[in-house]
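One chain comes next, on its own, written as structure tokens: the form predicted alone.
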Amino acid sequence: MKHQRLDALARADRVLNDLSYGYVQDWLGRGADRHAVGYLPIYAPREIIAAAGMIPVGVFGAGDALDIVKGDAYFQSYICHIPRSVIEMALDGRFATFSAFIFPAICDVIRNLSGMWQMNFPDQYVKYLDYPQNFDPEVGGRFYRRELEDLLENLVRISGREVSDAELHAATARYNENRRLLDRLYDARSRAPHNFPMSEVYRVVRAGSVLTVDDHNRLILDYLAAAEAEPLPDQDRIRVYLVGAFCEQPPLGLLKTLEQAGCALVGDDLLLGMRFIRGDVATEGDPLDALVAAYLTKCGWSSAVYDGDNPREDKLVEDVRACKADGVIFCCPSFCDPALLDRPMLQKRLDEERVPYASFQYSENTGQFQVIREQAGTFSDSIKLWE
């Protein structure tokens, strides 16, 4: 079974390491009526895109695989790295076959990137997707419903065919299955982090940002079956909850470094959009109303999401307790305003709950991890010795 685990990871890696999006190009080549829709972190309603006969593609930047030359001319130096990376890829023509892009409203940087996209790529449909800040169904719900209607209308205009409620429900059902499988994977990782190392789980999850939902579901099942059939040996590590990496993603090497330093990642906000809706979305009644209701009542917590009457610090403590974490690591991208502004508030609450924590910053193209390894190793040792 070991080769089956490696085979599943190799399938994920082929997608993740391909900056030309060969999988998407192959999918588009199977029919003249096919379209690709890119979306930036954190969350986009992929059900609507898939129901319109299109492939949703999550765009998280190029990591350390691309030198930034043109992108630095578009953004100042004191912001996060992901917009420079994404605009560099776009100017290189890597998204030339995409028909549309969705820019979720999570920060001013992504807002500015959407404007640059409109100026540089006028032939692509650009949607700056606003989320409700008021969770009253009659206020925020109506607002978000109009946002989803606008998105659907424009995707229909691009595809040239109407989308029925049945098609929306069918797409929702497939993504419900995806959410259930991701929950199963994360539960398995929390129970046995030695057998489901985050350096593997992350790759399997992130592949779903490019694969069709059906192909991603098969990949998760194959990885779960292989890992459960031949478990890896247990290791002496502390259980850690990782916070702050909800948008720009850390390098895979950083996740491996944390594991090598004695930290088993049992909870996180990595790739949050893949798991943003917690639980099933209704597949009866009005499909757009179901997506609205899911956002208002089942969305996860994040520094980029207005929390209303559900303070983020409470949600963090709940998640830490649920996954039985020994401590928290604040792992935030440099210059990420939402994450860094929230951190003192979250740390204060952890102090009150007597939960130990450590913190550091990264960039998606960070290449040296020795300092992080020493810091994480010290954190791990201190918990083993004194907590």
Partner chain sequence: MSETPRIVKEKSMVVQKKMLAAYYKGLASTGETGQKVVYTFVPGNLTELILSFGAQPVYPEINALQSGMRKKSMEFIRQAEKMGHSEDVCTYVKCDVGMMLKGNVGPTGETIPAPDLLLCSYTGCFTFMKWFENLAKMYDCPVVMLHVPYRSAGEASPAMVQYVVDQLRTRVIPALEKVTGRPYDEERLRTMLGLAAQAEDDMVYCFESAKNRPSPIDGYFAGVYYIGPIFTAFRGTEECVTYYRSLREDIDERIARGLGPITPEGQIEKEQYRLVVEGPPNWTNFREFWKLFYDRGAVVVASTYTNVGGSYDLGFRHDPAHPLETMARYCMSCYTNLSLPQRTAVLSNYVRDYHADGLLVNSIKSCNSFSAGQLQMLRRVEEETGVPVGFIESDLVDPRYFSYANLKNRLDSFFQMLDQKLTPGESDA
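Numbering follows the first chain given and starts at 1. Here the structure is a predicted model, which means the values were calculated and not measured.
The protein also exists as the form predicted in complex with the partner chain; that form is not presented, and the subsequent description refers to it.
Between 262, 267, 140, 197, only one gets a heavy atom within 4.5 angstroms of the partner chain in the predicted bound form; which residue is that?
When the partner chain is considered in the predicted bound form, the option within 4.5 Å is 140.
To verify the annotation, which of these, 79, 151, 291, 207, has a non-hydrogen atom within 4.5 Å of the partner chain in the predicted bound form?
Of the listed residues, the single hit is 79.
Can you tell me if residue 116 lies within 4.5 angstroms of the partner chain in the predicted bound form, counting non-hydrogen atoms only?
Result yes; residue 116 sits at the interface with the partner chain in the predicted bound form.
Please check if residue 212 has a heavy atom lying within 4.5 Å of any heavy atom of the partner chain in the predicted bound form.
No, residue 212 stays farther than 4.5 Å from the partner chain in the predicted bound form.
With the partner left out here, check for me: in the predicted bound form, does some heavy atom of residue 303 sit within 4.5 Å of the partner chain?
Yes, residue 303 sits close enough to the partner chain in the predicted bound form that at least one of its heavy atoms falls within 4.5 Å.
Are any of the heavy atoms in residue 299 no more than 4.5 Å from a heavy atom of the partner chain in the predicted bound form?
Contact with the partner chain, no.
Heavy atoms, 4.5 Å, the partner chain in the predicted bound form: which of 223 to 231, 123 to 131, 274 to 282, 253 to 261 makes the cut? Say which one.
Among the listed stretches, the partner-contacting one is 123 to 131.
Since the partner isn't included here, can you check whether the partner chain sits close to all of 74, 335 and 343 in the predicted bound form (heavy atom within 4.5 Å for each)?
Spot residues vs the partner chain: full contact, yes.
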